[in-house]
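Consider the single chain below, provided in structure tokens and representing the form predicted alone.
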């Protein structure tokens, strides 16, 4: 381990772009963050401005260096983590995007996905990618862009257009257009990558109508991807780690052994179970994906994806104006003795695992004249726990044993009421680490592995430290009654009643 090492990590998320500088022990040296504007052209459509992302990425890296009082030449490595599935096409010559990025939450291609399923491709796609056919993933978004942006398909077939998730776009810009690559975890979320052969798959490319020439090279999560151009920040910085946000969080939570599980609570929520070197095919509508790929060895995971977690709290704050800030949801929820039968199903962009219902829409049930903003806050937080239990039940049906503990991270877990309710509902101890920002930490640790700062996973795992542990503390009958109310609300949402 190199004691003097400083590592930069760039975390380009759904709602913000952030840079964090760490020392070799994983201690935060400085942080800079810029919120990301959300663009909603139509109901169910979500976009980001790629130039805004690029500008913010430069600004936060510059700011974090300035705040730490160091120059770029002091950086041992840079790691990148990113919102997954979000899709962007840009010109090979000049690097200009041809359209806004289509965000993972976007549902404009739901009908296209239904057509692909109707054509009999779903079994082939799941067998090769581990994914359920859904607008969530990149493939249908690429096809939409190729079919709806004038001249795009012709340019792609000539080799003049490039596709990438946000990591690829940032890598392209940071290296001055010299590197078009991604890591295996991001590739695994496109619905074009065969997770068994670890290669782009010609049959999948044909199904979705995507020219191979558009695709980035796929590398390990701790590969040397290239170097930041010196003119950007004053010195070249090796880029030695890339992973999608949930996979970076697996590393940040040190979930390196089969059976270890983490759940990240941000805009959405994502539960991943390490299944080791063998991919486990779900029969309960979970995803088979990569946890990470290190030094050529893929490690697999079962994943359950919840589309709306923190975004429900954001809706209460910005959409309804019922809470002044996200933090106030904790005291409002705690002010009630129970939920009084009020349930929020936050299907703002459909329902993810294990339902995969793109047509479901958000609904609130059980409102009476006595319902207050406290009930809305509590219902939004409770929904996070109920959805997590949905995923754990599906994982156990797929053969997973009940976890010894659930490691949690993300901004929402600062809410102690939520953490306790989560432990109560999932009937499992919930462990919060000392550093809850494990996604950006995971990117730094991957970069450190790639740069030789850390020799192996054991050295990385030694850096993980616990903070608070929440034990289940609820009557079994009450737990079952609360969850039955949730199941009823889900059924009524899906039936349209």
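These numbers come from a predicted model, not from an experiment. Positions refer to the first chain, counted from 1. By rigid core we mean the largest C-alpha set that fits within 1.5 Å across both forms.
From this point on, the text means the form predicted together with a small molecule, which you will not see here.
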Checklist line | Sole residue of 341, 230, 177, 411 within 4.5 Å of the small molecule in the predicted complex, by heavy atom | finding: 411
Margin query: I need to confirm a contact call. Of 282, 289, 311, 275, which residue comes within 4.5 Å of the small molecule in the predicted complex, counting heavy atoms only?
Written below: 311
Notebook entry, point to check: Picking from 131 to 139, 71 to 79, 248 to 256, 326 to 334, which part of the chain touches the small molecule in the predicted complex when contact means heavy atoms within 4.5 Å?
Noted result: 326 to 334
Note to self: Under a 4.5 Å heavy atom criterion, is residue 307 part of the interface with the small molecule in the predicted complex?
What the structure shows: no
Check: Does residue 265 reach the small molecule in the predicted complex, with heavy atoms at most 4.5 Å apart?
Finding: yes
Notebook entry, point to check: So in the predicted complex, does any heavy atom of residue 15 sit within 4.5 Å of the small molecule?
Noted result: yes
Item checked: residue 299: touches the small molecule in the predicted complex, heavy atom cutoff 4.5 angstroms -> no
Item checked: Rigid core fit then residue 329 CA moved by 2 Å or more between this form and the one not shown -> yes
Note to self: After superposing the rigid core, is the C-alpha displacement of residue 378 2 Å or more between this form and the one not shown?
What the structure shows: yes
Item checked: C-alpha of residue 76 moved at least 2 Å between this form and the one not shown on rigid core -> no
